[in-house]
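Shown here is one chain on its own, the form predicted alone, set out as structure tokens.
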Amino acid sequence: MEKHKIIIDTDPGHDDALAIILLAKSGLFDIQAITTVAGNSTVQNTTNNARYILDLINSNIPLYSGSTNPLKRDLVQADVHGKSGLDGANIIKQEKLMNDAVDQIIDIVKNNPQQVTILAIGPLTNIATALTKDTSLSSSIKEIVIMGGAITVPGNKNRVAEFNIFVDPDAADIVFRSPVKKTLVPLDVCNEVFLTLDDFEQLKKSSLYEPIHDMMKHYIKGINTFEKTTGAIMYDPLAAYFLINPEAYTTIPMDVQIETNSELTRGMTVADRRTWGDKNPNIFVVKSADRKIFTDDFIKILKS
């Protein structure tokens, strides 16, 4: 049986790292590429971090660096992941930046029409640029699964916006307006799924135990410092697991638009939650996820 083709567009990031490891070790996917974008840190750092992760799992997945800045704004980097974007990891290699992620996304999708799902777990700059550069691309993408947004909960970057959407709201606006099938995994569900250092102790006999444990100590400390939450919130792994087991999630179609003009509400995912009036749903939004099934499978796959 032919494996499902995917592209992982990412800005690693501790939770990005876990998402990449989860999908690679699952053995369920033909991962055509990992494409990096500036977000949690500079694109140099996120690309270095992606290479570190691939080396950690002895993977030869193609790696392409992408956008160095949001479409129209200065880059705002994350606090929780530390200076490198992946504090706790022993990053040695300085990866050469090729800046070809957008072209690679276009080529892979166009060569495999309606076969490639894009998992977008960073700012949407690369995806928006690809959709703008090749206006026929949207008809060839199977689906885009996005970690981002806050529908009914507070933001984690400003009062209302989640980080990935906040960093490049103009790119998010382009992607959300695209006719591509899209699924959004927002903070509403991610906030409910977190792991503690005790959970990671289950990896004790795995070669991944020490590097993951070291990374998670820094991640949990950052999350606690800047978001006042204890535990490693599984933002990106939860979006990645949607590709593995969508049956563990409930989704609803919604009309969601992106706020790009107001500085007060920059990056807000504005959902039409009215019970009346005509609706124009443009995205499926994950409303709930089975935390136990996710956690059990996550640990089992990482231990494998």
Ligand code: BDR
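Just so it is clear, the structure is predicted and the values come from calculations on it, not from any experiment. In this text, residue numbers run from 1 along the sequence as written.
Not on display, but discussed next: the form predicted together with the ligand.
**Student:** Considering non-hydrogen atoms and a 4.5 Å limit, does the ligand approach residue 200 in the model of the complex?
**Tutor:** Heavy-atom contact with the ligand at 4.5 Å: absent for residue 200.
**Student:** Can you check whether residue 147 is within 4.5 Å of the ligand in the model of the complex, heavy atom basis?
**Tutor:** Yes, residue 147 lies within 4.5 Å of the ligand in the model of the complex.
**Student:** So in the model of the complex, does any heavy atom of residue 40 sit within 4.5 Å of the ligand?
**Tutor:** Contact check for residue 40: yes, within 4.5 Å of the ligand in the model of the complex.
**Student:** Even though the partner isn't displayed, in the model of the complex is residue 187 close enough to the ligand, meaning a heavy atom within 4.5 Å?
**Tutor:** Taking the distances in the model of the complex, the answer for residue 187 is yes, it comes within 4.5 Å of the ligand.
**Student:** Taking the partner as it appears in the model of the complex, which of 53 to 61, 29 to 37, 250 to 258, 234 to 242 has residues with heavy atoms within 4.5 Å of the ligand?
**Tutor:** Answer to the contact question: 234 to 242.
**Student:** Along 118 to 140, which positions have a non-hydrogen atom within 4.5 Å of the ligand in the model of the complex?
**Tutor:** Read in sequence order, the lone residue that approaches the ligand (within 4.5 Å, in the model of the complex) is 121.
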